[in-house]
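In the form predicted alone, a lone chain appears below as structure tokens.
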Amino acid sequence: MQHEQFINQVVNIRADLSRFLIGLCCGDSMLADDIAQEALIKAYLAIDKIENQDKFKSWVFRIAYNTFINNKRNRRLYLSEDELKSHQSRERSDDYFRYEELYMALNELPVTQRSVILLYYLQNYSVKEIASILTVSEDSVRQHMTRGRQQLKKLLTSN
């Protein structure tokens, strides 16, 4: 894939990637932007490893998801719980407040459940595609989706 092709592909998926990462980051748009930038750099550096260019979007989403997980792990190592909460509250965008209840509920879900819900409902990926992105089985995706929906329903109706 040439540089121009990569740029065109990124332009086509930018909004979807941003929406997915903002959901994963529970409304923290600055963190989502940082993760997107890091993921796109990783994708560009590994562009020769993509086997099927028709799967570019799901390939980049997998890189972004893994980057999110690594970022989350690293943040836990270097920041105390109070610093994490303070950092997160300062970085919330104005859009966060519009969806505050949803983001708070999503934040209560385990990362895999949150990812499955976001990929399925926000990005319209199939169960098979989600399994590929998250590198889990299709049965696992269905299980995470069922549990995630039940938990979200419980969290959103309890308020």
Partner chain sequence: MEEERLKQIFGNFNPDMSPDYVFINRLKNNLETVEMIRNKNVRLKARCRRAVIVASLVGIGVGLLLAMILPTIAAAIMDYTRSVFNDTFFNVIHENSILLAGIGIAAVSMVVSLSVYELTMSWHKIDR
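Computed from a predicted structure; not experimentally measured. Numbering follows the first chain given and starts at 1.
There is another form of this protein, the form predicted together with its partner chain, and it is not shown here; the text below is about that form.
Peer 1: Give a yes/no on whether R149 approaches its partner chain to within 4.5 Å in the predicted bound form, heavy atoms considered.
Peer 2: Close contact exists here: in the predicted bound form, R149 approaches its partner chain to within 4.5 Å, heavy atoms only.
Peer 1: Is V10 a contact residue for its partner chain in the predicted bound form, using a 4.5 Å heavy atom cut-off?
Peer 2: Output for V10 is yes: heavy atoms within 4.5 Å of its partner chain.
Peer 1: Contact with its partner chain in the predicted bound form for R142, defined as at least one heavy atom pair within 4.5 Å: yes or no?
Peer 2: It does not: once its partner chain is placed as it appears in the predicted bound form, R142 has no heavy atom within 4.5 Å of it.
Peer 1: So in the predicted bound form, does any heavy atom of L40 sit within 4.5 Å of its partner chain?
Peer 2: Answer yes; at least one heavy atom of L40 falls within 4.5 Å of its partner chain in the predicted bound form.
Peer 1: Going by heavy atoms within 4.5 Å, which of 50-58, 66-74, 130-138, 112-120 lines up against its partner chain in the predicted bound form?
Peer 2: Among the candidates, contact is made by 112-120.
Peer 1: Given a 4.5 Å distance limit between heavy atoms, list every residue of 11-35 close to its partner chain in the predicted bound form, or none if there are none.
Peer 2: If the 4.5 Å heavy-atom criterion is applied to its partner chain in the predicted bound form, 11-35 yields V11, R14, A15, S18, R19, I22, G23, S29, D33, D34.
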